[in-house]
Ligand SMILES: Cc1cc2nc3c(=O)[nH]c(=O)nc-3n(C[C@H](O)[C@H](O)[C@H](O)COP(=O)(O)OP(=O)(O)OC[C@H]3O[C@@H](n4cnc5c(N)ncnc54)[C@H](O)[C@@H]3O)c2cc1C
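Just one chain follows, in the form predicted on its own, and it is written as C-alpha cells.
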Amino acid sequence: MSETILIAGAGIAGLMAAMALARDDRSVVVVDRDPPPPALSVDQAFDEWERKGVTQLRHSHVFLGRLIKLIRTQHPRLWTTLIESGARECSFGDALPPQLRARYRYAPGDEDMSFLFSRRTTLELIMRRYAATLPGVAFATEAGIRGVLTDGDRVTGLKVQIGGEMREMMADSVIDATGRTTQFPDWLGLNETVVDTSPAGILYFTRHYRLLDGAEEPSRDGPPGAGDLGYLKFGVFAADNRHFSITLAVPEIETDLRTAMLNPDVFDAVCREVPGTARWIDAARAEPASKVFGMGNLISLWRSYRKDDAPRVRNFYPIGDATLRTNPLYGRGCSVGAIMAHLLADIFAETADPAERLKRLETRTREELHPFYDLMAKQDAQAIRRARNEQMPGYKPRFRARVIKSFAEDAVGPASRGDIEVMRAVMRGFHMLENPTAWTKRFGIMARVMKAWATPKALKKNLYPPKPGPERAEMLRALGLAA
C-alpha cells in the first residue's frame, strides 16, 4: 500500500470518506469507539445496535437529493442494496403538493430531487457493510481514540486504546469524522479553530412508530405533515419497512413544554393536537416503536484550521460535524458529511501536498456550503425571535417583519404550490444541488413569485395549506401546562 489513511469515526461522514477514498493502492482504516454492527436485520439493528458515539442515531433524518445523487452515481451497488433492504425513494413528482401532482410532467434534473426514506440505523448499517467490501478498507472497532501523534505541525497518526492496550496507529493522513463533540482541536492544541457559531434555539425530540398490519400511510393530500407554530415545529418522517418518526422541536425558552416532552404520553398528546401528525399516530393506524429521544446543546458551528491562509496543521482533514455543525432541523448534516467526503477524495486525486489539500478542502467547503450555513443562521435567529414573541400576548410585529412574513406565506408559498417551475427552482436549493437563494436571482422565477404576491388572497385560497395546529395558549391548556 502506498498511502495509509486513518478515518476517526464510523458515522455517515466517516463511512462516506472510506467509500470515496477506497482504492487498491491505499489502506483506509476506519477507527471507531463502538462495537461492530450486529449481524441482524435492519429492524433488529434499530432495537439493539448500540452507537454511543452517535447521539443522533435514532432521531429523525431526511436524506436529500444531493446525498442520494452521490450514492446513486458513485456507489450504485449500495443504492440497490438500500432499496432491497426496505429504504424507499420519494421522487420529486411523488413529493409535489396536490395542486401540482395531477399535472406534473417530468423534466431533466427532476431525478436529482428525490428523498430517501430510511431510518438512520438502516442507512448506516447498510453503508457499513458495503464499505467493508471495498478495496483497502478495514475497521478498527471498540477502539477509543485518546490523542494524536504529531511531528511538528504534521499529524502522523492516532493514539488508540483497544481493550486495555494503548497503541500507536501511524498514517500518512488522518481524517476527523468524529462529529459534533470532536476532541481533535484540544489534542492538537488548536483552541482557536471556531470562526463562527450560531444558536439553534431549540431542543429536539423524536419518537418512532410502526404501521399496523394492513394499515397504510395517510394520503399526502391532507393536513401538512410539517410546520412551524412559532412555539413548536413539527415534522413527520417516513422511513423504511413500515416505520416512520415524528420530531417536535421546542424553543429553549418554552421551559415547561420542553421539560415535559420526554414523557411519551405528553409527546403523543402534542401530536394528537396537530392535525398533520394526529392522523399518522391514530391508534387504528400505528403503534409506538421507541421511547422519546431528546437532543439539546444545538449550536451551529464553523471551524477553520488555517491562519492567514496558511494551514496550522498538516496531514489532517476534518469533515462533517467535526468542522461544520448545523441545526438538525434542516436535515443537512448527513449531506454535508457526504459532500465534504467526496470533495476530499477529489482533492486527494489532484494533489499529494498536505498543505494544499487542506487549503482546497476549506476553500471548496466554503464555496459549496457556506450559503446554506448563512441562510440557516438567519432563519434560526428569526425563529428565536418568533418564539420569544409567542410568549407576549398581543404582540404586533413591526412593518419589516410583517413584509418578510407576507413574502414567505403569500408569495413564495402560493407560487411554489401552484407553479411547477417555481417549485423546481426552490427545491433545487432545498436539496443542496445549488445555492439555496439562487432562485431569487432568476428574473423569470421572481416574476412568477411577485405575480403570486400581487394576486388577491381570495383568488389563490386553494394555494394555502390548512392551519397547521393550535395557538400556543390552546396547546398548553390541552396539555395542562401554564401559559
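What you see is a predicted model, and the numbers here were worked out from it, not measured in a lab. Don't overthink the numbering: it's just position in the shown sequence, from 1.
Note that the form predicted together with this ligand isn't included here; everything after this is about it.
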property: Partner-facing stretch of 250-258, 170-178, 307-315, 400-408, counted where any non-hydrogen atom is within 4.5 angstroms of this ligand in the predicted bound form; result: 170-178
property: Answer option from 204, 348, 79, 234, heavy atom within 4.5 Å of this ligand in the predicted bound form; result: 204
property: The single option of 303, 75, 120, 359 touching this ligand in the predicted bound form, heavy atom within 4.5 Å; result: 120
property: All of 227, 277 and 469 within 4.5 Å of this ligand in the predicted bound form, heavy atom check; result: no
property: Proximity of residue 445 to this ligand in the predicted bound form, heavy atoms at 4.5 Å; result: no
property: This ligand contact in the predicted bound form: residue 60, any heavy atom under 4.5 Å; result: yes
property: In the predicted bound form, residue 43 touching this ligand (heavy atom, 4.5 Å); result: no
property: Contact test in the predicted bound form: residue 431 vs this ligand, heavy atoms, 4.5 Å; result: no
property: Heavy atom contacts to this ligand in the predicted bound form at 4.5 Å, residues of 332-352 in sequence order; result: 332, 333, 334, 335
